[in-house]
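Shown below, as structure tokens, is a lone chain in the form predicted alone; questions about how it binds or moves come after it.
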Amino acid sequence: MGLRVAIVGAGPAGLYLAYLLRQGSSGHHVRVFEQNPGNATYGFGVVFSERALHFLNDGSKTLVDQIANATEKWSGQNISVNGTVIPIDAGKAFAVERLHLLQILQEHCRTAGAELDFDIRLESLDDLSDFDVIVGADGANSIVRSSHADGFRPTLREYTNRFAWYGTQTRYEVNALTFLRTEHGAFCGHHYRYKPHMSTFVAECDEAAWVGHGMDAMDEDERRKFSEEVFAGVLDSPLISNRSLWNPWRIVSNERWHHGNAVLIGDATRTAHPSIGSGTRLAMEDSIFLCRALEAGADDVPAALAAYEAERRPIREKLNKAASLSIDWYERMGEHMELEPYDFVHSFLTRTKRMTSERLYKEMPAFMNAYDTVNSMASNV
């Protein structure tokens, strides 16, 4: 007899877990609870690297292939710093509309027999007392985590940079980053298309720009219009808001990922910074590992949850370290922009210490050849 599993949160991680559990041979009863309507989402596009989709194939290649077929695809990246555009010979990337991604996952969940309940806001986990497993797939503000704070022991670290997620009908041929310095501070725009004529546009600024340009005193629409002015050089249509609030980045982490019969996945375990670009992939990979643990140890839930954390956490910790280094780099992006453009991009590409110059020669040889040429010319001047 299978487990009764309650999944709180119908984002990509929660839905992927529901589907995988129902696809297994144990006959688990799976019910998903989501506070928002089934056709609502906050955000625009989700980007995956080719490597990320390869990892997700370990859960369900059929489902991941359907997601890949719905994506916009490109190779390479453009990084612009103060008006100088430097092409990067990066690998393939894929982006899909977040709502469409959720719809694909919802369809597969229903076909597999998972129960999806939308417009249900849980005020307490007491309503889930008859479930064998409670999964917190409910993001950075997880009610599952907060309901067992003494067990999970979360911590919060807040940074100073501010950012907001917008959409735009501007079409970008490749994934791009635009770094700009103004008289008051530094800005960064991260933009990529996820439909033929729709793109995600993540706007970020440091504390000096936030205060110096008076953004702290603006309302949200004024900030959107001001952002259009800042990034006018890479926008040919307005920014579109969808609860696009400018907030400081907050890293939530937990001393433990499981407590009793409750367990966390995705952003409920640790928020992933957008500069790494792996938040959705990491969350969905958590689902794969948790599903395997529950399939193997359904007769002992606490042991299965401990096995999930023991196997998955070291992998996440490596990426978490890289994410922390990336955040620290962005917090000082204004200082880095004092470098020459190619030196700036090299600093950006190696910011997490996972990418070295040696790896860059193998994976991005065109950039490194240009980098060496520019530095050689500068040294001969």
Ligand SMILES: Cc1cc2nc3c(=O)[nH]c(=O)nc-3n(C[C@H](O)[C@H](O)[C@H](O)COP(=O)(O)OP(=O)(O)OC[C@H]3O[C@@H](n4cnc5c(N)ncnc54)[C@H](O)[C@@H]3O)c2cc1C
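From 1 onward, residues are counted along the sequence shown. Note that the structure is predicted; figures quoted are calculated from it, not measured.
Below: the form predicted together with this ligand, not depicted.
S.K.: Should Arg121 be counted as a contact of this ligand in the model of the complex, where contact means heavy atoms within 4.5 Å?
M.R.: Yes, Arg121 sits close enough to this ligand in the model of the complex that at least one of its heavy atoms falls within 4.5 Å.
S.K.: Within a 4.5 Å heavy atom cut-off, is Ala13 in contact with this ligand in the model of the complex?
M.R.: Result yes; Ala13 sits at the interface with this ligand in the model of the complex.
S.K.: Can any non-hydrogen atom of Gly151 be found within 4.5 angstroms of this ligand in the model of the complex?
M.R.: No, Gly151 is distant from the partner.
S.K.: Classify Thr200 as contacting or not contacting this ligand in the model of the complex by the rule of any non-hydrogen atom within 4.5 angstroms, answering yes or no.
M.R.: Yes, Thr200 is a contact residue.
S.K.: Just one of Thr280, Asn175, Gln106, Thr168 has a heavy atom within 4.5 angstroms of this ligand in the model of the complex, so which one?
M.R.: So the residue touching this ligand in the model of the complex, by this definition, is Thr280.
S.K.: Could you work out which of Glu204, Asp267, Glu285, Glu72 is the residue within 4.5 angstroms of this ligand in the model of the complex, going by heavy atoms?
M.R.: Contact check passes for Asp267.
S.K.: Heavy atoms, 4.5 Å, this ligand in the model of the complex: which of 209-217, 254-262, 133-141, 293-301 makes the cut? Say which one.
M.R.: The contacting stretch is 133-141.
S.K.: Give, in sequence order, every residue of 33-57 that has a heavy atom within 4.5 Å of this ligand in the model of the complex, or say none if there are no such residues.
M.R.: Contacting residues: Phe33, Glu34, Gln35, Asn36, Tyr42, Gly43, Phe44, Gly45, Val46, Val47.
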